[in-house]
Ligand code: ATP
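Only one chain is included here, represented as structure tokens and corresponding to the form predicted on its own.
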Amino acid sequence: MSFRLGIFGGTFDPIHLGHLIVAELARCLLRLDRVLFVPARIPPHKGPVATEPEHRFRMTCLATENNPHFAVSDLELRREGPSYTVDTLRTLRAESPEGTDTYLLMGADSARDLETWKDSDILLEEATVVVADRRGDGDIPACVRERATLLSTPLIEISSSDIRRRVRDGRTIRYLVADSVESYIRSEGLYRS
């Protein structure tokens, strides 16, 4: 039986419980042996990132440390320039044991834009793309929807931008992020300005 590796990339600025719920659901439903979180250094499809990569990496490690099936990679943080998923996927496949099945986890928002990603056709061939589809989203392009696995997930309205706004405004983020992430944000003074 082959090793089943889920790859979950993102800015994770900060990582929140919605990310963890989706990763755990994917792990269980797809029988993944491991879910590897890969924080992006420079996400090519988003604007400037609010927090330094090292903080986002550390928060991701803290958020995932209690799940033995979760791991965090600094692969994209060590690479210069934009974090292209196809490059990350190629590197991880080359480093994985022969016969590893690779699953790329993403939200419906990313799947809607997948055609604009670098070498998106190759990406769709190299890995099973798994789309966390919270609303039965019909906005996913047919060429992506036909080649992806749609994973029905609960509608969890948590966003990193809302968490950053809450911290800046002095409001609670309890139960939106892991306790360890909340403590880290507080101790490092993140998102205050």
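Sequential numbering from 1, following the sequence displayed. For clarity, every value in this text was computed on a predicted model and none was experimentally measured.
The form predicted in complex with the ligand is left out here; the points below concern that form.
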property: Contact residue in the predicted bound form, chosen from Arg168, His69, Lys46, Arg147 - any heavy atom within 4.5 Å of the ligand; result: Lys46
property: 4.5 Å heavy atom contact, Asp109 to the ligand in the predicted bound form; result: yes
property: Non-hydrogen atom contact Ser152 with the ligand in the predicted bound form at 4.5 angstroms; result: no
property: Distance check, Cys143 to the ligand in the predicted bound form, heavy atom within 4.5 Å; result: no
property: Close approach of Ser160 to the ligand in the predicted bound form, 4.5 Å, heavy atom; result: yes
property: Partner-facing stretch of 119-127, 72-80, 85-93, 99-107, counted where any non-hydrogen atom is within 4.5 angstroms of the ligand in the predicted bound form; result: 99-107
property: The ligand in the predicted bound form - contacting residues of 7-45, heavy atom within 4.5 Å; result: Phe8, Gly9, Gly10, Thr11, Phe12, His16, Gly18, His19, Val22
